[in-house]
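First comes one chain, alone, set out as structure tokens in the form predicted on its own.
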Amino acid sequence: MHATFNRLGATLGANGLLILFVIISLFPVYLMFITSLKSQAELIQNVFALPRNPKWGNYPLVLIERSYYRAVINSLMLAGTVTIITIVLSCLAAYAFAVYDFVGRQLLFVLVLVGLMVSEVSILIPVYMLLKSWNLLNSFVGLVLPQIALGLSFGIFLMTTFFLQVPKDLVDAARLDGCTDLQLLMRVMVPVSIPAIGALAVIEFLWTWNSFFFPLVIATRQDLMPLSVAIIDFMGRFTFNYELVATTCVIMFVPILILYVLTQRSFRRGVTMGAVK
């Protein structure tokens, strides 16, 4: 009897703690959403209260009247392009690390891992000067290249971890059947690593979608700015339009939420398998 009560108490305590964490995690989302539906005066009166007259017009105001739909398209194009190219390059590099035993392999892989410790801010000025010398400032290519470079270290590390899990006998059998490297990669390695590719796609898309510093410095043209940079239009030196900033944040949040809902099973499998390895 005591053991049953102890188990019940432990379960209730654990569930209560998880519910508390969920509430704490969702509270900023709640605050952001209700702020996007308020007027400036109503927001000043009570930050936490529900809006008395929800201003759904803030969304068409931001997207259509302020032409932020262009920034949304720019963000989608940037994040989608970076994600696809990063996945392709990561799979190619990971295949070499997982299948071939070449001279300097371990050292080269360590150098790839060192890239995980490089922060975006620390290389901002050198990358800016490099892109300037290549005449790539204020260009889509100039926005894409730094994001790919930043994401490759993690992508190569993740995909190498999964490719190493492919049984050696399976690779040898494919070789005996006459598979080329490209066929071995596409028909053997990639199909068994779909969860990892899904996890990498979600993570890379999220990183690029939320990227701020490089797009801020590289793209000064309004027609090239992604949503993460265009939002600063509502942040003046003496004024701060909180409700329109919150509206833009909600617009930024929705695609990420949809992407995660659609790929959550693959994302969980990919992250968990990588952690176990």
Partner chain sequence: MIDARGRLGPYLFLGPAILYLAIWVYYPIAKNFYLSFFTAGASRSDAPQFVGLANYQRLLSDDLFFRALMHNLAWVALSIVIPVVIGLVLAVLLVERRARLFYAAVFFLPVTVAPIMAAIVWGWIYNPTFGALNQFLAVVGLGGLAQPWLADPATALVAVNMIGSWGYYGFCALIFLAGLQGIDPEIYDAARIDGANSFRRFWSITLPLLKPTLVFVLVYTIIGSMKFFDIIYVATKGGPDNSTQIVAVYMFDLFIRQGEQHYAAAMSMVLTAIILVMSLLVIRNATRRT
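Numbering follows the first chain given and starts at 1. Just so it is clear, the model here is predicted, and its values are computed rather than measured.
There is another form of this protein, the form predicted in complex with its partner chain, and it is not shown here; the text below is about that form.
The three residues Ile24, Asn210 and Ile256 all sit with a heavy atom within 4.5 Å of its partner chain in the predicted bound form. Within this chain, Tyr59 is remote from the site of its partner chain in the predicted bound form, having no heavy atom within 4.5 Å. Contact annotation for Val112: at least one heavy atom lies within 4.5 Å of its partner chain in the predicted bound form. Although the partner is absent here, Ala219 sits far enough away that none of its heavy atoms falls within 4.5 Å of its partner chain in the predicted bound form. Contact annotation: Ile148 falls within 4.5 Å of its partner chain in the predicted bound form, judged by heavy atom distances.
Checked against its partner chain in the predicted bound form, the residues Leu43, Leu37, Leu63, Leu224 give one hit for a heavy atom within 4.5 Å, which is Leu43. The partner is not shown here, but in the predicted bound form the stretch 128-143 reaches within 4.5 angstroms of its partner chain through a heavy atom at Tyr128, Met129, Leu130, Leu131, Trp134.
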